[in-house]
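Okay, here we've got a single chain as structure tokens, the form predicted alone, with questions on binding and movement later.
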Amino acid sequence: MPTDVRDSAFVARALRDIALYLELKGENAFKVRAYNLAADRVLAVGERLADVVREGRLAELPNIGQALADKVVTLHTRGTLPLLEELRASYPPAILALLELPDLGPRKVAALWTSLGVGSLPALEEALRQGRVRGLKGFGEKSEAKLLAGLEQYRSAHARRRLGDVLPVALALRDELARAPGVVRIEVAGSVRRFCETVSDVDVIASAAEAAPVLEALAQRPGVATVLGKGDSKCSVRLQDGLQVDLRVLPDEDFATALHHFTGSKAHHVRLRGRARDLGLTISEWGVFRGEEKLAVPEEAALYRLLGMAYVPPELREDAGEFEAALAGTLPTDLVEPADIQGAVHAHTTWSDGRASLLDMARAAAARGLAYLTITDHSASAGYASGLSAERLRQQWQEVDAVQAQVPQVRLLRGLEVDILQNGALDLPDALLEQLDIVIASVHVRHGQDADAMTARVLRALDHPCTDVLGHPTGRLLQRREPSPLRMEEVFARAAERGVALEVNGNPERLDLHAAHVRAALSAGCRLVAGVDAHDTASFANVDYAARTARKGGARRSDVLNTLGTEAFLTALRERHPRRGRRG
């Protein structure tokens, strides 16, 4: 079994599945929690899981005893576990999908299965429409209506998948296929390459002298559930989780035009084809032609040169003004890159709801070569996240100083993600907030306020002299929670006026601000930070999502404050937004 299915994410998913099955069986809550905690710890280890397993240090991790450590080793090395296989065999293959519906917990799912034999979403819909569910204890006519609505919501949400769920799969698949016989070049295309926040499938373009061995490598890959079709140059498969992958293999001379064509977007291509016609050219996946003459296009930039345009990076190809800018030569050439980010802004530790200690977070930041790390745990009112009171915050400062001595390679900045209360006030006293290096103000509860109340709430927080950054500004969770009903133009105008930076949150479940809001914020004169919203060491990878989302919105390196070094970053926070009593 290939190594990509044995990483920390795979092992954690398996542990969480065990916990869900145990809940269905009615096992005690402590046993269920043990598997969920173990999953958290495995995710926190991240890319170091193989090293920890090899060195036999799993049992040293918090919440993982020897018995659980043995199970993790088995999952990591074999890709399965007898307990998990036994539990799966006890239930229908699709029963866990029922747990993703609103208001349907393990007890109700177990009742549906034992009483009605309902073990999948289609079976549930059939039982609901036949009126068989309302007779079960704990259900009724209202429950049926809610479940039917939940099914529609589920289908709508799962028609597309979050980029953060698909991108790692797509990149691992690309790297595997790159080792297939004869591959010259290979790249992910489609909406994944354009860094769209949700995607429907994965497109991969490869070049090789012979297509058959490469297509066969995909068709025979472990994890492929169904081969949907295979021809001379294309193979389409469906993976076990339902994700469709389309692979096209062409001669290398056609690679660049095929990659460009299948990257999209359709709207961007319509503009390019119109430009090509004006110049007496035609463009297709097979090349660029002047009459019968096929022009050489060794890379995508050459295609744009033939059209008399500047190269348009994939993230910008959405017909959102990039065509005109490329034609006029005004497209930014210094768009922010993940490698430009010097500091990790927005990080949580075990002081609040993080899954890694302050020391581990600091070491991980140093290992990534970051210059600084903001320690921004939750504030007191965030009881759901073990938020810090004034006393605990002062205690944390002592640990920050101690860890700083142990990890001098990365500068630790004292910070806080402070809750914006319902009336727009910040959670802790100004005298305390003034002593911090950075304050991120965020809304975490009561997202359902109307537009007037929510906008007034956020504007008041932006007016607060201690607010440096507005965290995940719209509060959305992709496919789970709609954005707050904010009047964003007012938020952007006030943030620009007050010098408050707006976070582009790189948590793949948020990506907030999204690219269109980034464009609007920059037009209003706002500054940005690329926030990792890290709750464990693996989450430092969120810097890629944050930077590339900002980039998709047209952000230059100079628009993003944490592309600056430590002192310049702190100066930038203060120069337009001074704060009394800041520590030196």
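Quick caveat: nothing in here was measured; it's all calculated off a predicted structure. Numbering starts at 1 and follows the sequence shown.
Beyond the structure shown, there is the form predicted in complex with a small molecule, which is absent from this document and is the topic of what follows.
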Give a yes or no for D437: in the predicted bound form, does one of its heavy atoms lie within 4.5 Å of a heavy atom belonging to the small molecule?
no
Can any non-hydrogen atom of D252 be found within 4.5 angstroms of the small molecule in the predicted bound form?
no
Contact between Y154 and the small molecule in the predicted bound form at 4.5 Å, heavy atoms?
no
In the predicted bound form, G190 touching the small molecule (heavy atom, 4.5 Å)
yes
Three-residue site R16, Y21 and R78 fully in contact with the small molecule in the predicted bound form at 4.5 Å by heavy atom
no
So which of L412, V214, L112, V199 reaches within 4.5 angstroms of the small molecule in the predicted bound form, heavy atom to heavy atom?
V199
With the small molecule left out of view, which of Q404, T74, Q449, S265 would have a heavy atom within 4.5 Å of it in the predicted bound form?
S265
Residue stretch of 368 to 376, 439 to 447, 340 to 348, 266 to 274 approaching the small molecule in the predicted bound form, non-hydrogen atom distance within 4.5 Å
266 to 274
